[in-house]
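Only one chain is included here, represented as structure tokens and corresponding to the form predicted on its own.
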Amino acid sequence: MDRRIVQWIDRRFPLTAFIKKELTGYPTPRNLTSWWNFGFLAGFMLVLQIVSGIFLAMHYKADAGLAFDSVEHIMREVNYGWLIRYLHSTGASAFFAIVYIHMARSLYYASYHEPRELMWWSGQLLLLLLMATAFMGYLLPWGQMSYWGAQVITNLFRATPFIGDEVVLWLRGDFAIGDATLTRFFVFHFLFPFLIFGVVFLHLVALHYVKSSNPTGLELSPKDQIPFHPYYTIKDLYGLGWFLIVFCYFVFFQPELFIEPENNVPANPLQTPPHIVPEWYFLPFTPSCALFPTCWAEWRP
């Protein structure tokens, strides 16, 4: 029965040929190390974030008066809501860690050289989209750090020449961060992962066209390549197992490690937290504030 179904599909769509060419029989350099495993881990985290985000969106209320309480409702009353939320929040940090390692490997082994420039540029675009998605998602819990972090980062766009004020007004949807900001950030945060998924598809198309790089930096002959399956599927699954051990440790034993304590307090526009600091994955782009976190407090009202 299974064979007949596959044959029926093959007469109408090249399913078997596609799987053999692009998945199981895809020629891969035989000398890839574990550093090449992080691309697969990034794809796994993208799927996990999308799935957990969809379930969170089923119970979240994008309203300034209800957002914080809806998060508490998810944590306390939704079946396994605490697990879904911690998978999503911890997954954001894990996603950035994996992407940074993946890009560091590409830089170290010069994987951006000809003919892989488009892969590198699409990877940079993915990083920008990921940062935008994380920034908009950070406001959604509507806690103190979420509110004031958004206040700081949106104000940074005021430095845009000539149109700075208009850009800030467009980002917020109002003259101050409020219900309009929360609503549009929720919509964009929900839609951007699907845009990221599309860019990832283009990234993979470019990868399969120019083939994978390797630690030597040389283009290998066909005799130095092996099929992707089963050699690298097993290797990727082995790396995934080790990653899940570390990831699940943080999810189940230290889920609040990457959540600022101030974010467990409802947003209050009239009270600034003692220290306003960005998430750790934004620190490389705020070097002065990475060294002196108190500089964020200059945005006090």
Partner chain sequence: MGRDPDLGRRDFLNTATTLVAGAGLAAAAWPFISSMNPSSNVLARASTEVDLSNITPAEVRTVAWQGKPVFVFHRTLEQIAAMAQSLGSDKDPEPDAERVQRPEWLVVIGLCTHLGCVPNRKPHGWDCPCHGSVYDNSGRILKGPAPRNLDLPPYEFLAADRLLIKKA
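Quick caveat, the model's predicted, so the values are computed rather than measured. Residue numbers count along the first chain shown, from 1.
One more form of this protein should be noted, the form predicted together with the partner chain, which is absent from this view; the next part is about it.
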Problem - Contact label in the predicted complex: F55 to the partner chain, heavy atom within 4.5 Å - result: yes
Handout entry: in the predicted complex, L87 touching the partner chain (heavy atom, 4.5 Å)
Key = yes
Exercise for the section: Verify the contact flag for K223: yes if a non-hydrogen atom of it lies within 4.5 Å of a non-hydrogen atom of the partner chain in the predicted complex, no if not. Expected result: no
Practice task
Would you check, heavy atoms only and a 4.5 Å threshold, whether E114 touches the partner chain in the predicted complex?
Solution key: no
Completion exercise
Students should find that, of V265, V51, V246, L66, the residue having a non-hydrogen atom no more than 4.5 angstroms from the partner chain in the predicted complex is V51
Practice task
Find the only residue in F175, F194, Y80, Y108 having a heavy atom within 4.5 Å of the partner chain in the predicted complex.
Solution key: Y80
Exercise for the section: Decide yes or no: are H59, H73 and R76 jointly within 4.5 Å of the partner chain in the predicted complex, with each residue judged by its heavy atoms? Expected result: yes
